[in-house]
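Next up is one chain by itself, shown in structure tokens, the form predicted alone.
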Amino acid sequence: MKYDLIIIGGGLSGLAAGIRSAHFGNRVCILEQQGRVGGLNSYYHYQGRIFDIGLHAITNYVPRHIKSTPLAKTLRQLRLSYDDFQLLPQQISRITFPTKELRFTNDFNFFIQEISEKFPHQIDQFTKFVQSLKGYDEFSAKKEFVSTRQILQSFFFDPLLIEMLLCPLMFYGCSWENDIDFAQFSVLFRSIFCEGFARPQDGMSKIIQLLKTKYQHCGGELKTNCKVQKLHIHQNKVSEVHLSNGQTMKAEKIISCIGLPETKDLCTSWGGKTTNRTTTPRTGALSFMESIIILNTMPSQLTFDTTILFYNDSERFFYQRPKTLIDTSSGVICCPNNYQTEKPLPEGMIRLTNLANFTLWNGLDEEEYHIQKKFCLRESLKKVERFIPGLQDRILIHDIFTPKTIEKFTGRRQGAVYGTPDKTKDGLTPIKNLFICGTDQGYLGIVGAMLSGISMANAHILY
């Protein structure tokens, strides 16, 4: 059978591209190497519980009456309702540095007031900066890298404010070390500060199942436990898709959601160049250790009411691959219990995130690997105790992802969850009928991933 479209990867961007394409009568097949769809935002079962893999928050949250936003567009294009996602808004989040703290909610005016109180000498510049972002089109912006640090320094003379603005945005979507392309920064600033955080009532499992069902009802075909071995290129087009089980498939067009370097590795040739990057996309250098902790009490009983806390131990935020297994000098503390809900979670949960070094983790033998996981968790918890006293005495169970885990289960080289720094904003590759969607197209977060799949289907399949 020859398909109109084969999608490599059943993550959120792949499912969205599949729904959009299949809805208009295209014969579509999604190939997912794991047994379950969802990709970087999937879920798994552990000790009788369902754990989300990547979910701290859904960004781009807005109330249902606000229509001209990424969330509203995503729901409209996928023909889903606002209630389908059952989103719970955050309570309050914090950016904590040694001398100052900024709080933010889903009300941007609250954040403006925080800036005014904590940085009164910078509020006029902040207002001008926010105004400059209005109407800025990130995906028609210059293709080459534009330093956010340089742009922020042109607006703000207080370096601490610059570092505090960068910290949460880098943790939630940056593939560069110590700087970020301004187009990416603009996307993240809008989605986190101007719009906000929410969490699905029952986690990601219900959303993934919803998207999977919608895709199959549109006539899409799904093959799980189906790994692509190579893409045979003939006359600068994908002529055949070879699977690891020996089967061969054909399609008029291919969309890959597995990453740009990873897609290049599948191709038997990769010639020419597109307008926005070199022919050899770099592997991302940044990865994380993520610890999921179940408590025998609620975080509120430990006087912790913050939804997400971003901390940094110095006045300068260093966002780079650490020289040790993990870097606990900065991190993210996420509390799924601290969203606004009338149906509380049955148990207390904390998620801890720290920058980690893939090469060092990958070089450990099995015994040392397990020893170091326990050691690094203890080191991470020491920092968290400043914000949640008594946490270590309340731990019921825990599970840990390292960069090695991320690479194994997602296929992302070196566990680089935010992909290559060499984004391809138009989704084009040197191969005529092969397109990229997802993180390496430049869209970020859960809503961004779905919007990426939609945009690539609209631009290259439904045009």
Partner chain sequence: MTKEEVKTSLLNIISEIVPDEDVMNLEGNTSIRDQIDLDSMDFLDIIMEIRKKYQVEIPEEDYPELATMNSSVTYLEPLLVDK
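Fair warning: this is a prediction, and the values are worked out from it, not measured in the lab. Numbering follows the first chain given and starts at 1.
What follows is about the form predicted together with the partner chain, which we do not show.
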So in the model of the complex, is the partner chain close enough to residue 73 to count as touching (4.5 Å, heavy atoms)?
yes
Might residue 79 be said to contact the partner chain in the model of the complex, defining contact as any heavy atom within 4.5 Å?
yes
Are any of the heavy atoms in residue 446 no more than 4.5 Å from a heavy atom of the partner chain in the model of the complex?
no
Since only the chain is shown here, I'm wondering whether residue 67 would be in contact with the partner chain in the model of the complex (any heavy atom pair within 4.5 Å).
yes
Only one of these stretches, 42 to 50, 422 to 430, 22 to 30, 396 to 404, has heavy atoms within 4.5 Å of the partner chain in the model of the complex; which one is it?
22 to 30
Where, within 417 to 445, is there a heavy atom within 4.5 Å of the partner chain in the model of the complex? Residue list please.
none
